[in-house]
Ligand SMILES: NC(=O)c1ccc[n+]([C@@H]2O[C@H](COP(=O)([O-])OP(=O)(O)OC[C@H]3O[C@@H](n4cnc5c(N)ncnc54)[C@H](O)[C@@H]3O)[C@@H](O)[C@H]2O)c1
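A lone chain, given as structure tokens: the form predicted alone.
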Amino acid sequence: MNRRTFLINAAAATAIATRAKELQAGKRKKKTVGIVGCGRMGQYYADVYRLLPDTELVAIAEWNDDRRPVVGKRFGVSALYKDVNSMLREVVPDIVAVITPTKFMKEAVIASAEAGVKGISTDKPIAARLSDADAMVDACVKNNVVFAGGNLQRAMWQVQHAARRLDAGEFGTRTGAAMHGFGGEISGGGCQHISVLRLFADAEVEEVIAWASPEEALQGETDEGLNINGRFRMTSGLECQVYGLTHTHGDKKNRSGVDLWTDDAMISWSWGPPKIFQGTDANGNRKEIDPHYPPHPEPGVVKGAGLGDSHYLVTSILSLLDAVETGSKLWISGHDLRQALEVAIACKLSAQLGNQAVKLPLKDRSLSLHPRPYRWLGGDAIGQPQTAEEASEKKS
């Protein structure tokens, strides 16, 4: 481990220790939390907030009449409401987690911001129409509310650690990037790719050139089944090649993830802790090195919430709590989710225009890209409901 890595690890350890001491000494006031949308994903949020030592789950808004009393009993919450407005008339928590289907996020985020909460988080994708995402971000800025993203791998402990080392110059100058497996749903799951790319590149996407297939997906209203190949140019001048799900290297189907390389190394994220390659082996191939990632700050919460390897929800929430408490930078923000939506819209637009270059930010904020029905409307609305019995059971 070199000195730069040691210092970054030491800073992370110090931050964890400081937070623990502040909690023990009572210097951090426990934050009250309300969950808006306590379906399958919302229940993971509720579990994390219930288990963290510096939060108290005080209210749940859940539109499903059968599920509402069940989740209230499961999480020990008596303040139960059908919608966000009825909740906010009686309870204004410090933190509101909006985990509704995408169609209903805008109303809940703006209502919470105007009610006087301190921090709001939502999940992916943030909206279908770009102007709706703008309205959410603007409402939070206007009301001085911290607006966070949610369960995205950009907030993974190791992803953030790798990015800090890139920013510190440990691996030299950034020289190129590639995004792999960009398809299936480019505004839904695809926002994971775009968010990690922007973090590793430390830059915004300023131009998109894209090809899309199949034709029926390109002409559809949603991002479902859309496969993208193309090129992004970043504001830093960095070029990122974009490969879809069907791109192959020889007889191997393309993987999914983001690579960023420097003049000395390559950081490779593929739905987990990033691998770091530095130097070459005897055959001239890139050599994987020990990344020396520090331990997760809340392993007990990860285990208690039944998250398994999906521990980035916990670090996303910790980042929000720190931002509300100290003004620190969010690891995943509402702005990040808006940028991911804008890039996805630009990709489809470029392909529809015959692979023309599309400049960002987009001037037409009425442009939209709907996610698949499950993300847009939720499982209850499309015939994939969660039963009350399922909602009563703790995840394992």
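Each residue number is its position in the shown sequence, starting from 1. Small disclaimer: the values here were computed from a predicted structure and weren't measured.
Below, we refer to the form predicted together with the ligand, which is not included among the displayed structures.
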Q. Of the residues His370, Arg338, Lys348, Arg67, which one places a heavy atom within 4.5 Å of the ligand in the model of the complex?
A. Arg67
Q: Would you kindly say which of Arg50, Arg40, Lys31, Arg365 lies with a heavy atom within 4.5 Å of the ligand in the model of the complex?
A: Arg40
Q) Is the ligand close enough to Glu62, Thr102 and Gly379 in the model of the complex that each of the three has a heavy atom within 4.5 Å of it? A) yes
Q. Is Lys124 close to the ligand in the model of the complex, meaning a heavy atom pair under 4.5 Å apart or at it?
A. yes
Q: Examine Lys287 and determine whether its closest non-hydrogen atom to the ligand in the model of the complex is within 4.5 angstroms.
A: no
Q.
So, Ile332 and the ligand: in the model of the complex, are they within 4.5 Å at any heavy atom pair?
A. no
Q: Classify Val36 as contacting or not contacting the ligand in the model of the complex by the rule of any non-hydrogen atom within 4.5 angstroms, answering yes or no.
A: yes
Q: Just one of 194-202, 234-242, 102-110, 221-229 has residues with a heavy atom within 4.5 Å of the ligand in the model of the complex, so point it out.
A: 102-110
